[in-house]
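Take a look at this single chain in structure tokens; it is the form predicted on its own.
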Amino acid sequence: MQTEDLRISLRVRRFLLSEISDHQRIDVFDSYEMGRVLALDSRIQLTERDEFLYHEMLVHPAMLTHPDPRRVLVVGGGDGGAVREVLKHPTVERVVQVELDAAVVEAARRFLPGLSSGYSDPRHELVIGDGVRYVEETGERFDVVVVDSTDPIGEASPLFSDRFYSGVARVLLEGGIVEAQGETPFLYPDVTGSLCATVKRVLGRVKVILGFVPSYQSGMWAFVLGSRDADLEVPPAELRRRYEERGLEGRTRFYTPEVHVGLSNLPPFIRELLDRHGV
């Protein structure tokens, strides 16, 4: 489903899993065009063919904007893709992941080993619980927070709220950065705009980078960075230096420092959207 009036179909080869967890319906199936697919409540969360386009842009802009990310929090992302990308950075000493639904983690471990490989890394700690409560109550602090949420409906809605981002502000260390998926500004402009306004209101600084994920609604996707005190505009030469120093050359298939800079230059209709929301 793209919108209530727009549908794009995906032909299924065979279902591997279809179950109802305590939180949602979980389906894993093989498709003809996009490889293996994970869907939650009948909404595609990832496909094997294009998941790198999403996970790389969700993680590396924030990780490379930060000069030395050592402690990272991932909220959501039960498939493991965000954790996998975070762990490509050799600076990382600890990754805490807070995922609401243990059944999603189990499904990823069984059927999506290419995404969930980071779960076996000793630097990774999995917490099954509510991300909003975690950032309000934990005593831990982080250099980078990655918010890999589902669409802002049902139990994921609080992850787009002032309350949640106030908790994020609480757990960020000095110079800390948050990056979140910001939905499609083409089909859901008010969702993207409202999230950017929330991040700016609570944290003070916000930046939008575009990405492209063919299996998602419209294909165009927004990634939203925020911080209280970090400079979100890193010179291109410094991004390139960090990318090479951390050994990422040849380990990303879409993200590069040059792509980072290019997709930060927003087209006029996105700039107008952000202006309407006071960003």
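Residue indices: 1-based, along the sequence shown. The structure presented is a predicted model; accordingly, all values stated were derived computationally and were not measured.
There is another form of the same protein, the form predicted together with a further copy of the same chain; it is not shown, and what comes next is about it.
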- Given a further copy of the same chain in the predicted complex, answer whether the residues 34, 252 and 262 all have a heavy atom inside 4.5 Å of it. yes
- Query: Quick one: is residue 256 in contact with a further copy of the same chain in the predicted complex, heavy atoms, 4.5 Å cut-off?
  - Reply: yes
- Is residue 186 close enough to a further copy of the same chain in the predicted complex to count, meaning some heavy atom within 4.5 Å? yes
- Query: So in the predicted complex, does residue 219 come within 4.5 Å of a further copy of the same chain, heavy atom to heavy atom?
  - Reply: yes
- Is residue 5 a contact residue for a further copy of the same chain in the predicted complex, using a 4.5 Å heavy atom cut-off? yes
- Task: Work out which of the listed stretches, 58-66, 35-43, 225-233, 208-216, brings a heavy atom within 4.5 angstroms of a further copy of the same chain in the predicted complex.
- Result: 208-216
- Query: Going by heavy atoms, what in 28-62 lies within 4.5 angstroms of a further copy of the same chain in the predicted complex?
  - Reply: 32, 33, 34, 49, 50, 52, 53
